[in-house]
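Just the one chain here, laid out as structure tokens, in the form predicted on its own.
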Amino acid sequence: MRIDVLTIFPAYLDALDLSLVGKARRDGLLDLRVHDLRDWTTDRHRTVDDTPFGGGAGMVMRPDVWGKALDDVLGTAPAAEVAPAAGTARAAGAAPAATAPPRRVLLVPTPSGERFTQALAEDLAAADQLVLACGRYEGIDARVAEHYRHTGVEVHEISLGDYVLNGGEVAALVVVEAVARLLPGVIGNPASLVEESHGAAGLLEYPVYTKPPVWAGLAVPEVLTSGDHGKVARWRRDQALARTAERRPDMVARLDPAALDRADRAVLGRHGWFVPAPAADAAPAPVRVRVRRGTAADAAALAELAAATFPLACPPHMAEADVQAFIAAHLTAAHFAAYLADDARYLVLVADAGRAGPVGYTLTVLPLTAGEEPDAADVAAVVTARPAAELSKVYVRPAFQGSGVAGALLDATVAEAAGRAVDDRQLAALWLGTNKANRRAQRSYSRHGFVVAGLRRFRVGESLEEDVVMVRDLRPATGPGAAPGTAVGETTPSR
């Protein structure tokens, strides 16, 4: 590969003689040339800039000087020879030759350019020639990039990030190093390129360690010294997912769901990212979902969500009229407004997917006094721990069922309930009822520490239903293994 850098400060690029890039130059793996833009000036002051048309602060680098320099470096025809006739459109490019011409790429660093990424670096590593035009002052006259786009040269205006530098030289150093290290023979061990940050996996790299095994009181994670390569690989993958979720949520939002296994999704779920069910045309990317307290502004959205999800939890034999009557009697916007307004009696948690709105919620009915548990009359025989609260509703939109959202909601609800007190006594239990025939829901609740305590009957319209009553003990564990696990998993809506 040939790389040319044009700048008014050639000494700025002396760092390219160092390290692996310098070695690649000396070994002939890279033809890297740095040019002084002022060599193409014609006046005694070697002027490369002038005042901007339209006024304003600063100076703009002249297109005629840049044109002469780039024509020489790129080997293109002078600008005057390819200028379009007046009133005509500039041609998109010359007809393709019989053999593919060399791929020449002009890179113009500018704060208004596209973000320079590892993917772009990998693409540029396949080019035949890169030319970096390092602007200064207020930048390079915009006609320079426009002109060379129409001469068969591939042009990218690029930015390192959302900040402004004095010139393009720093960006040139970054681009040269990012591209050169990908060329064959530059990196001694090509395997080191496989799992690094921003690579094909779309993740940040996992943390790395070396000797000594203990330093400053900090030990290397035990799994890395276990000799179990499978466990090491899983640990590294988990760390990469967690680090990316914490530091670069934009990268998580671009992950390919097809490349995420069950363990990957569990890790992302613990950091608030969930993968919805595939749509008809594509597999959706991970979505950030935040579990939070409900507010008065959620009433209408929660009523819509309840009306859409409650019927899914009803057994097939239940009459539609009874289902709709239950919704009208308990799940309207007015009902949710009342639930949300009475936080002494009701705990409403919402799984909020940002612009998509609520994708799930839980409704817990709290006792006002230790002797007044919700529905105490029909569960007293099976729910013995007091005071107890009823987890009345756990609903998630179908697209997010099985994603882990319901499990995150359930974990948050348990944590909130465990922190509540009634008559100066901490809540001792959280109970729920789920349809006797719904074994899937029962298994899911079991994974979250709920155990079957008995049965209860209730009526929805003309339908007499039977629930399994399940209880989660909220009291502190008294010994090893006493506290149930809270692994994120699927939860089917309860009554």
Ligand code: SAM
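Just count from 1 along the sequence shown to find any residue number. In this text, all values refer to a predicted model and were calculated from it rather than measured experimentally.
Keep in mind the form predicted in complex with this ligand is missing from the figure; the text below concerns it.
Contact annotation: of the candidates Arg237, His335, Arg181, Arg136, the single residue with a non-hydrogen atom within 4.5 angstroms of this ligand in the model of the complex is Arg136. The single contact residue among Ala100, Val214, Ala321, Val164, judged by any heavy atom lying within 4.5 Å of this ligand in the model of the complex, is Val164. Contact annotation: this ligand lies within 4.5 Å of heavy atoms from the stretch 138 to 146 in the model of the complex, the single such stretch among 301 to 309, 138 to 146, 350 to 358, 270 to 278. The closest non-hydrogen atom of Ala415 lies beyond 4.5 Å of this ligand in the model of the complex.
Residue contact with this ligand in the model of the complex: Ile158 places a heavy atom within 4.5 Å of it. The closest non-hydrogen atom of Pro284 lies beyond 4.5 Å of this ligand in the model of the complex. For the chain shown alone, Pro111 is a contact residue for this ligand in the model of the complex, at least one non-hydrogen atom being within 4.5 angstroms.
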